[in-house]
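Take a look at this single chain, the form predicted alone, given in structure tokens.
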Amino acid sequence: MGQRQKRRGALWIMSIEAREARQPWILLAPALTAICLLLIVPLMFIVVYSFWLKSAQGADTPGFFLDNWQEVLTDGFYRDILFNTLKISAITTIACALLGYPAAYFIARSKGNKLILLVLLMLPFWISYIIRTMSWINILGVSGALNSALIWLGIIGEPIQMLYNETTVILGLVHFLLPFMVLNIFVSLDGIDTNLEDAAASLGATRWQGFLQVTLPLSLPGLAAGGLLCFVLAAGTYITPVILGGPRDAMFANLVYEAIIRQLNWPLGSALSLLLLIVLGALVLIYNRYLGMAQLAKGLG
């Protein structure tokens, strides 16, 4: 009788442990289902499409063809635009870091009005990204505010063509991505104990030395997180080059749009999108390997 009760007790404990082990998966089931249906399944469709082939009649031919990948990987046209996309993204990221760090430092060290400054920083997100990008046309256009001001001041005699070049594309991207950089750096700076700077000063370090040797190294994770976010978003952008760039300033996302929407070549567009995903995914993996994603999650949160 005692052995039977012990066996029942053991089975009851095992059932409780099994139920507790299942609870996290039950709680995660809705999120995992959404990720599977909205992310993994569409991605699998894109992978399959990339191996199909568009026939001369315009129909997609199912199968396992490497023609799209061969064209994407060997054609210098796609390679040059990919490198140009990475170059523009890198320049944009550096510009955001140089402009964003002082702003983030000022907000983090502000006393009393920190919340107001953060609200002001978030204000651009309340306006459509397309409207914000198109506003540069009214500023830099031939009849825009800047040209009108320069002519009124007598600095120039006729309007200057400032739009539709690589510089304006980078300017538009910096305008769009700068708040992301500032937020990530701010989160990192706000978590640094200001007593460390006071301790450095008590040991004879100047404010500049204390910043270089204490504050800056401790804030590098936030700077790196903001850099990753800005780089990935810049590399995948489509709107900014269309509105502010010229024919020679197309970025890789514009190639995907051209292939899928205008040429109706879904297999080629799928291969192009996967190539960009692989390049940016490799960058994210490198970042995660050396720095981890926790700082990036703090900045986004």
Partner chain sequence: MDDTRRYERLRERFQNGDISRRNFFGLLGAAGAAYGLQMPFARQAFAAGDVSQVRFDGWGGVVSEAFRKYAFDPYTAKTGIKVVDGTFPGGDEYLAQVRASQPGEYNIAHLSGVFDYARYHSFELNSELNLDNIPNMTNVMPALMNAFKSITPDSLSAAPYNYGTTGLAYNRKHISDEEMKEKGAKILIDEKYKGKIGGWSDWRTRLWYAALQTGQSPNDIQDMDAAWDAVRKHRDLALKYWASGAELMSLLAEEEIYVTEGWSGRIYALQEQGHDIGYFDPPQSFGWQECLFVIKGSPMAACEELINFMLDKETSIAVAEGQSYPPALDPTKVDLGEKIPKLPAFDPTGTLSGLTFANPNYWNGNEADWSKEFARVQRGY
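All figures in this text were calculated on a predicted structure; none of them were measured in a lab. Numbering follows the first chain given and starts at 1. Throughout, rigid core stands for the largest set of C-alpha atoms superposing within 1.5 Å between the two forms.
As for the form predicted in complex with the partner chain, it is not shown, yet the points below apply to it.
- Contact annotation for residue 154: none of its heavy atoms lies within 4.5 Å of the partner chain in the predicted bound form.
- When contacts are judged by a 4.5 Å heavy atom cut-off, residue 261 counts as touching the partner chain in the predicted bound form.
- Shown alone here, residue 216 lies farther than 4.5 Å from the partner chain in the predicted bound form, counting heavy atoms only.
- Taking the partner from elsewhere, residue 69 is found to have every heavy atom lying beyond 4.5 Å of the partner chain in the predicted bound form.
- Shown without its partner, the chain has 75, 76, 77, 78, 80, 81 in segment 74 to 97 as residues with a non-hydrogen atom within 4.5 angstroms of the partner chain in the predicted bound form.
- After superposition on the rigid core, displacement of the C-alpha of residue 66 between this form and the one not shown stays below 2 Å.
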